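Starting off, we have a lone chain in the form predicted on its own, written out as structure tokens.
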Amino acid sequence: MSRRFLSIGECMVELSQAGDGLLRKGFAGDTFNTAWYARACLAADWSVDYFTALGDDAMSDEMLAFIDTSGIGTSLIRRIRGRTPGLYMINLKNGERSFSYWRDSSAARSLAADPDRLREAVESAAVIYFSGITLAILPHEDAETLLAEVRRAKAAGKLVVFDPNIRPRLWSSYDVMHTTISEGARSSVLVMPSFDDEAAHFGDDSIEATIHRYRALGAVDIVVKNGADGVTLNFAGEQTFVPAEKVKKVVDTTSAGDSFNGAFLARYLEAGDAPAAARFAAKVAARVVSEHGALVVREKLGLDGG
């Protein structure tokens, strides 16, 4: 089996407050963050690749170089003349974060517009990871193209992983959001939702309701994240609860779920033990939320101690 982890989605330019009216530039995005933590936690004989589209401007060049120096493969990334990456800015007021986005014309919206390139990327991987945000930014016909490819991958026995990562303002309507996210789950082997999103936008009144709904759609295994209240796993019908790690001081929750996903998948791919992978990922996520920023360097993740 190929030992390639492929993450599909959008990496954006991030602007955060640096004090004195200045802004700090970085790069982040849900599926890229997960690829980052998977790379940090996977053995060296695994490759991690990112599939997206970038422009031909200087910022795209800089982002591509950053992804590459992070140890994440860039050979599958499409470059589109005249396009640019999306951008978001983090606003802080009384310690609370809010976000402003400029992504309507980002190159990543065309990541699935070349079906042959997409198929080549998916066929080369053992694990394919995508999210509700990946689907939300695509034109309808391109979202259908991506769903068709991950369905083929699932049928071929690959591990297709989907985090619904529900962001209503990215969708044209609730009906489109519900239908497309459900199709994303139906096309996947493992679904990794966050319970607060599922309760708010699908009306689930319990974690069991979330598990039942995704299993009815065809997901084989489900990991329901519930913040400080831990994680519920349902693998092949067997349910397990794993508590969250205690955190002395929460500094930044931006990448809590993304880091958990990446760390969980890395450990699960190596050992096949879902509860152990969840315990490991809970420790990594606890370290991540104790630091500033979406991407925490490997040295601060406590990985050497397991």
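The first residue of the shown sequence is 1; numbering continues from there. All of these numbers come straight from a predicted model, not from anything done at the bench.
Missing here is the form predicted in complex with adenosine-5'-diphosphate (ADP); even so, the following discussion is about that form.
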| property | result |
| --- | --- |
| Touches adenosine-5'-diphosphate (ADP) in the predicted bound form: residue 57 (any heavy atom, 4.5 Å) | no |
| Residue 260, heavy atom within 4.5 angstroms of adenosine-5'-diphosphate (ADP) in the predicted bound form | yes |
| Residue 84: touches adenosine-5'-diphosphate (ADP) in the predicted bound form, heavy atom cutoff 4.5 angstroms | no |
| Distance check, residue 110 to adenosine-5'-diphosphate (ADP) in the predicted bound form, heavy atom within 4.5 Å | no |
| Stretch in contact in the predicted bound form with adenosine-5'-diphosphate (ADP), which is absent here, among 174-182, 224-232, 199-207, 73-81 (heavy atoms within 4.5 Å) | 224-232 |
| Of 271, 250, 65, 43, the one that lies within 4.5 Å of adenosine-5'-diphosphate (ADP) in the predicted bound form (heavy atoms) | 250 |
| Among the candidates 53, 256, 28, 277, the residue which, in the predicted bound form, approaches adenosine-5'-diphosphate (ADP) to within 4.5 Å (heavy atoms) | 256 |
| Every residue of 245, 282 and 289 near adenosine-5'-diphosphate (ADP) in the predicted bound form, heavy atom within 4.5 Å | yes |
| adenosine-5'-diphosphate (ADP) in the predicted bound form - contacting residues of 122-160, heavy atom within 4.5 Å | none |
